[in-house]
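Starting off, we have a lone chain in the form predicted alone, written out as C-alpha cells.
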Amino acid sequence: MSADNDQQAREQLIDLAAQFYDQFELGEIPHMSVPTRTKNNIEYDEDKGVWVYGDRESTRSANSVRGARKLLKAVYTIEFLANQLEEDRSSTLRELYYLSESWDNNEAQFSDQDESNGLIEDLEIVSGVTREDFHMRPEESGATIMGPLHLREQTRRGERDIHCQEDVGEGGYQIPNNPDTIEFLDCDADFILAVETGGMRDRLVENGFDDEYNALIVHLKGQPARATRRIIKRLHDELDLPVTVFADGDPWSYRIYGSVAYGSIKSAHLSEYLATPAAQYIGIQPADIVEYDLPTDPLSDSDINALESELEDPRFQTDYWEEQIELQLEIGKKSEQQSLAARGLDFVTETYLPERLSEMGVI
C-alpha cells in the first residue's frame, strides 16, 4: 500500500475528490465508505499472521449536516495534500490541524487533532496511499538504529551514504519518517534486536553488544512509530534478518511486541506493510522474574485486566504466551528490563541475552 511516486499519490488523491463530483453528476448524494475502525471489525488473518479489517463499513455521507461537514473537510484536506505534493513540501499531523484554521470556510476547520488524524487515516484507506506518501509525518519519534548496516538515504540535499556504526555517534542512526526512501547497501548483521527502553538501548551500546554479536539494535522508544515498524519489516523481508523484541515484563510491553509482530487495531489497514509476524519475543518473561529473582512491582488492577484480555487475544493464544501470562497472574508481579542490573551492569549482555538468543536459535 504505497504510491510509486509523488505524482501517482497526487493523482490518487485527486481521483478520490473527483468521485464526489461524479456522484453529484449522477444525482447521487456524495459519500465515502471506509472500514469501521473498532475492535468489533478487526479480524486476525491466520494465513498472513496480521490484524486486518473485517467487512463492516461506515459511510461518510452528505445526507446530513454532520456528514456533509466531514466530506467538506475531506475535500479541503485533499486539496491541501495535493498542493503539498505538487510543491514538494511536507507537514506534520499537528500542523495540519492548525493549518485548517486558515481555511476560508469555518465549517472545514477541525475541532481537534483527533479529528484531523482520523481523516488522514480515512484518506489512506480509500485512496490506497500511505500518509508518508502524502508527505505527512508525525512529531519526531527519535527512534534509532545502531549496528553493522550500510545504507543510502534520500534527503532534500541529495543522497547520503551512512554506516550505522562508523558514521554515527553513540545515539545511532535516526530512522526517517519514510523508511522507503532508504536503500540497503551492505549488512553484516546477523539479527535485529528491537529494544523498548532508552536506558536498556544505551546499556547494550555501551557494552558493545552490537559489535560482539553483529546485532542491529533498534530503539523502539516505547510503542513503536510506524516508521520504526516499517524499517524492521523491510530489514527482515529484504535482508532475511531474524527479528527479536526485548521489552519490559508487563502486559503493555507484550502489546508492544504484538504491534511489531502482528500490527495494531489503529493501523490494521497497513498490517501487511508494517507487521513482521516472524518476530520473536525475548523477554522480560514472567519465567525470568522467577528464575533470576528480579526486582518487581505488584500487578495493578489494570495490569491484571490487560493480561486477562490478552489471554482472549488471538495474537497471544499460543502455548508459550498462555503459559507465561498464566504464570504472571499467578505470581502477581511485573518487572522492567533494567531490573537485570540487579545482577550487575554486564549481566544482560554477558549472560541473559546470549542465553535467551541461543535458546531461541537466533545465535
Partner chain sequence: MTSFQSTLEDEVGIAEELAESQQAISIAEFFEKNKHMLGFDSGARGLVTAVKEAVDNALDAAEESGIAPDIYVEIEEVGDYYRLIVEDNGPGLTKDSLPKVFGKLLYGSRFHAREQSRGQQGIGISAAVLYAQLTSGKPAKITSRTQGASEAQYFELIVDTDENEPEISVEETTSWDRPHGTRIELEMEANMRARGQLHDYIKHTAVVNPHARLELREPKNHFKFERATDQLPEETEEIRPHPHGVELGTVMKMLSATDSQTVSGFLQEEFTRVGKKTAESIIDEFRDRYYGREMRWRPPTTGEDIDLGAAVSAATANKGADATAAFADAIADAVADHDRIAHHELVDAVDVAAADAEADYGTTFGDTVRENAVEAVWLEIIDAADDTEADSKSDGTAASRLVAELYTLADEATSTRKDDEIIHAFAERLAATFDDESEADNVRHRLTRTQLREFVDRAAELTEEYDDVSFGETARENVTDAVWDVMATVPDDPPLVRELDSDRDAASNLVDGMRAADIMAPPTRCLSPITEELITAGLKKEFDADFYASATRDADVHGGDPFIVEAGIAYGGEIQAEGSADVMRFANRVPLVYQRGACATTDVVKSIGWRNYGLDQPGGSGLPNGPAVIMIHVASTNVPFTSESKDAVANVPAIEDEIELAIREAARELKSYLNKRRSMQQRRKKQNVLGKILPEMAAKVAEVTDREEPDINDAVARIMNNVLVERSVKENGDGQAVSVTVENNSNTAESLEITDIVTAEPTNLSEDATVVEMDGEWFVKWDIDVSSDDEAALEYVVPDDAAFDLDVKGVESEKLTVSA
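From a predicted model like this one, the values you see are computed outputs, not experimental measurements. Throughout, rigid core stands for the largest set of C-alpha atoms superposing within 1.5 Å between the two forms. Residue numbers count along the first chain shown, from 1.
Form predicted in complex with the partner chain: not shown, discussed below.
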Among 198-206, 67-75, 276-284, 214-222, the region lying within 4.5 Å of the partner chain in the predicted bound form by heavy atom distance: 67-75
Residues 21, 24 and 105 all lining the partner chain in the predicted bound form, heavy atom within 4.5 Å: yes
Contacting member of 167, 86, 161, 79, with respect to the partner chain in the predicted bound form [4.5 Å, heavy atom]: 79
Contact residue in the predicted bound form, chosen from 297, 57, 28, 326 - any heavy atom within 4.5 Å of the partner chain: 28
Heavy atom of residue 14 within 4.5 Å of the partner chain in the predicted bound form: yes
4.5 Å heavy atom contact, residue 63 and the partner chain in the predicted bound form: yes
Is_shifted residue 20 between this form and the one not shown (CA, 2 Å cut-off, rigid core): yes
Core fit, then residue 73 C-alpha moves 2 Å or more between this form and the one not shown: yes
Cα displacement of residue 237 between this form and the one not shown reaching 2 Å, rigid core superposed: no
